[in-house]
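Have a look below at one chain only, the form predicted on its own, in structure tokens format.
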């Protein structure tokens, strides 16, 4: 269980998925296909669903992309969010074609009249609006008077959210993003004090798969452990599926979500007589899309392994040409080295079936 409490925010419905209030922190990602390519976009979203994605955003930068939303929606099972920049007409078209939420920066949509048209379309269909402001897209006047600061980010977000509220609509989510971690953390602290709208959190432009995951984990941990955040995205220059897996791991490590297999493994040493690195990597790969909330240990020797793995639901401990299979710290049987992974997966399948029955 997490040792910190989340701030209570308003409950907002995005399609059939609720966020805020007492809802779990939801995992979001974004497609990197051409949205107008319905087949490719649907295939990517289905892979993301399998990995644990709960909300998906796709860019709407052309009329064809907006039109594709109606076809994409027929094939997927999670809410679809339209990412809009500059053209307010595309926001309206995306809403008309079934977008469950739209992401806009009112500052680059145009004048107030255009924003009002988008808000009216969203209000008519009760489509949530995410007001998204990035440090790089601050209004010129704010950048000149306050600089690229947390205070400027928060002021921009609240001003734009307030404009939409003044138009009679408050079905809102807010996001403020920066690539610099101290700026992002401070901005989220300030914003959380000033609003009860749900917050979508992330570290933007984090980087490639490895380094971006590390940077996101550091930044998001500081934000989430302050009780801030209702949806989360790990932004990576990589396959979006890796974003979802990283997000799930961050939330699980912090005790904020339980779903998924947690694989722990020893760093190996001179006592290791099996290829533990390859074995642990295979176990991780073959369990990363399993939602069963269990802990699995992969240990390199039978000397310390059983003791170190005693708090795991299942464990394998390597020996010379063979290993031990353990359940709740108790030895189940000896298994040949080449059969260890399959033996472990068989036990995981048994646990999955038992959970399904009950």
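Predicted, not measured: the structure shown is a model, and the values here were computed from it. Numbering follows the first chain given and starts at 1.
Form predicted together with another copy of the chain: not shown, discussed below.
At a distance of at most 4.5 angstroms from another copy of the chain in the predicted bound form, none of the three residues 16, 96 and 117 contributes a non-hydrogen atom.
For another copy of the chain in the predicted bound form, the listed stretch (264-272, 151-159, 187-195, 165-173) containing residues with heavy atoms inside 4.5 Å is 264-272. Although the partner is absent here, residue 101 lies well away from another copy of the chain in the predicted bound form, with no heavy atom inside 4.5 Å.
In the predicted bound form, another copy of the chain sits beyond 4.5 Å of every heavy atom of residue 45. With a 4.5 Å cutoff on heavy atoms, residue 327 does not count as touching another copy of the chain in the predicted bound form; it lies far away. Remark: residue 259 does not count among the residues lining another copy of the chain in the predicted bound form, judged by a heavy atom distance of 4.5 Å or less. For the options 143, 73, 123, 89, the residue carrying a heavy atom within 4.5 angstroms of another copy of the chain in the predicted bound form is 143. Along 19-39, residues 30, 31, 32, 33, 34 each place a heavy atom within 4.5 Å of another copy of the chain in the predicted bound form.
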